[in-house]
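Single chain ahead, written as structure tokens, the form predicted alone.
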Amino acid sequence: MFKPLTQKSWAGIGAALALALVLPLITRDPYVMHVMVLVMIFAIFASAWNLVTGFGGLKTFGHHAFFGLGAYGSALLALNLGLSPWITLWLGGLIAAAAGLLIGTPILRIRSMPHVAIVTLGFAEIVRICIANFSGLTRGEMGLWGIPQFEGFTLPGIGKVTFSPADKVSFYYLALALLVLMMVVIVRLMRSKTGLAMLAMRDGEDAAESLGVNLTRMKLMVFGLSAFIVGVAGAFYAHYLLILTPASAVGVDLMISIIAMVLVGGLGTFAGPLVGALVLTVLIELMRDLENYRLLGYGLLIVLIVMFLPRGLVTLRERLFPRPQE
């Protein structure tokens, strides 16, 4: 299990959350709000992938399949069955979790992590091809549009809360609430006996098994939970953008971006995926004016960070202000 949070850690968490809560009071610019909503969607995705890879030690490169399944599942249920997005949001997560358990049951018995990585990547490609070809249901490469938005509601003391493309603030606070909820789930899990067993499995499967850890059950549990969280992120993404294409929801470049965010922020840490999602999402928006050189600069920065901060940006403070040796 993890060490208790220090006063400085709690202060840092409180300051970050307070800043996130007051940001719309500082600026309600739709573009800024849009970028921050994307940051939080990717932060949820990155944290879920970090849970299964950074904490669980399972090398999987196909988590974008669960993002796409959650997105398309929620959108199609809302479109075809008339269900509320507030319900399909969670149903999308359950669809992704069911797919994770289905694919995880045979492949997670394999102890060769490279094989697990390739099989999960292949599964994601199968999902993308199916979505692209089932055009009668998903509209294929033309894109699935007309996805219902979240219905508004009334909060006591605040008033009417509406969701519209013109005002992103409601989406911002909903994304923030989902991010906080998912991080609380991950933190509570990792501070439990199950979290300790996960770390033991990551550090040595044979040693963990000798201590009584059921490896297959543990792998399925963390894989299914991670898929559920990613599916919820995908479902929110669908009802936020209101249009889906196979490339945007299940493209391999999405998975590459998520992996980069986790590695840049810090693999196997709580804050790493959040920091990586914020830095890389904002960075690529700032470099839009570079046009053809944008991705070159983006890639160069990732290489430099991985080379000089191999444990991620979360270790930057330790490098700049090392603790005195006792």
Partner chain sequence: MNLAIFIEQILNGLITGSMYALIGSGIALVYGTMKVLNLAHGEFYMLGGYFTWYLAVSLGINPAIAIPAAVAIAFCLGMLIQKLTVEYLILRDNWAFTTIAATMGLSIILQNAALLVFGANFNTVPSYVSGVMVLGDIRISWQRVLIFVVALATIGFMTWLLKYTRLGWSIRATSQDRDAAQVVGIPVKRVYMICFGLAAALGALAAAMLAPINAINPWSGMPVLLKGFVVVVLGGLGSFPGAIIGGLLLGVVEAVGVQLTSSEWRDVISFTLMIAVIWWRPWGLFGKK
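C-alpha atoms forming the largest set that superposes within 1.5 Å between two forms make up the rigid core. Residue numbers count along the first chain shown, from 1. Remember, it's a predicted structure, so these values are computed and weren't measured experimentally.
Absent from the display: the form predicted in complex with the partner chain. The rest refers to it.
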property	result
Contact test in the predicted bound form: residue 205 vs the partner chain, heavy atoms, 4.5 Å	no
Contact of residue 31 with the partner chain in the predicted bound form (heavy atom, 4.5 Å)	no
4.5 Å heavy atom contact, residue 142 to the partner chain in the predicted bound form	no
Partner contact for residue 148 in the predicted bound form: the partner chain, 4.5 angstroms, heavy atom	no
Triplet 109, 113 and 119 all within 4.5 Å of the partner chain in the predicted bound form via a heavy atom	yes
Residue (of 316, 13, 306, 20) lying close to the partner chain in the predicted bound form, criterion heavy atoms within 4.5 Å	306
Option touching the partner chain, based on a heavy atom within 4.5 Å in the predicted bound form, out of 130, 174, 190, 161	130
Interface segment, criterion being heavy atoms within 4.5 Å of the partner chain in the predicted bound form, picked from 292 to 300, 272 to 280, 22 to 30, 66 to 74	292 to 300
Partner contacts for 43 to 64, taking the partner chain in the predicted bound form and a 4.5 Å heavy atom cut-off	49, 53, 59, 61
Cα displacement of residue 14 between this form and the one not shown reaching 2 Å, rigid core superposed	no
Outcome for the Cα pair residue 283, residue 303 in the predicted bound form, compared with this form (closer or farther; change of 3 Å or more)	farther
